[in-house]
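Next comes just one chain, in structure tokens: the form predicted alone.
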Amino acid sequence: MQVTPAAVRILAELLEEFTGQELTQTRQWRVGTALSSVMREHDCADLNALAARIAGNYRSPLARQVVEALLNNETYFFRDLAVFQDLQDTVLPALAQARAEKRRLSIWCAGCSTGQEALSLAMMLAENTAIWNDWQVEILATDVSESAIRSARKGCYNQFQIQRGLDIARMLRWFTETEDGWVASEKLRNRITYVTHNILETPPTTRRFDLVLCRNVLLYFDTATRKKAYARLDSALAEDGYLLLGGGEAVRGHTGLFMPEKGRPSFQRPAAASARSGADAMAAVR
């Protein structure tokens, strides 16, 4: 049986209400696969039956389960290695210089999924003791998915997950193999606070972040929702901070709040700051 337009509309409305994301035509092909286990668990013959079950009751546990299944939690350690190299070689040293007096650094990983991105940052900082040894470094990692946050807090990864982007030396140094999988060290996990949060809501804390990573999250928003997300990110970022977006998330044409860092298109600066000291701070650490 084909999925009816009414069923697609119900699923699309549900996803948008909870997350702000669009269920575009390019995403619809995977809906049946994503929801197959939910349909089996609740004895729904097809997507039409599942949609009928949740129609008019978007706050039910089943509706929330459908949303969780539709979310794309794709991630892996040190995703886009060149970007992490830029972080290590240029951006973090620039922030260390700018924050040298207070020796405090605040980082927000928005859309952290199951935690690999936040742990990658924690590893980089823990390994660079020459700079960060006596600093107070706070990493806040958030995601709209409750199940992803529960998994991230455990810091436990199966063999496939642990090998994606992580070299053997780091795997053996920072993780311990158990019956359940590879568990991140307590030293790493203690560096990170995980919270369920929707990026379209008020930022999760009133403090301004020095670095915000929000990669491959805005891709799923329409133009109006994306502008709202940029406004939230701008309100959370320090005036001289850095915003790191995914490779396909250009700001040009979508917002005037940020400008791409010259030579590093994935890194954005607040528009006012980009005209001031950004270039000088980067040049000082080259």
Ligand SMILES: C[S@@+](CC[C@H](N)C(=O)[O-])C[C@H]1O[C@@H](n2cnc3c(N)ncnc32)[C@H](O)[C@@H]1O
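Each residue number is its position in the shown sequence, starting from 1. Since this is a predicted model, take the numbers as computed values, not measurements.
What comes next is about the form predicted together with the named molecule, which is not displayed.
Remark: of stretches 120 to 128, 202 to 210, 175 to 183, 107 to 115, the one touching the named molecule in the predicted bound form is 107 to 115 (heavy atom within 4.5 Å). Taking the partner from the other structure, the named molecule in the predicted bound form has a heavy atom within 4.5 Å of a heavy atom of Thr19. When the named molecule is considered in the predicted bound form, Arg79 lines it closely, a heavy atom lying within 4.5 Å. Contact annotation for Gln97: none of its heavy atoms lies within 4.5 Å of the named molecule in the predicted bound form. Put simply, Arg170 is far from the named molecule in the predicted bound form: not one heavy atom of it is within 4.5 Å. This chain appears without its partner; in the predicted bound form, the one residue of Gln88, Thr193, Asn198, Gln163 with a heavy atom within 4.5 Å of the named molecule is Asn198.
When you look in the predicted bound form, the only residue of Val217, Leu243, Ala236, Val66 with a non-hydrogen atom within 4.5 Å of the named molecule is Val217. Along 163 to 184, a non-hydrogen atom within 4.5 Å of the named molecule in the predicted bound form is carried by no residue at all.
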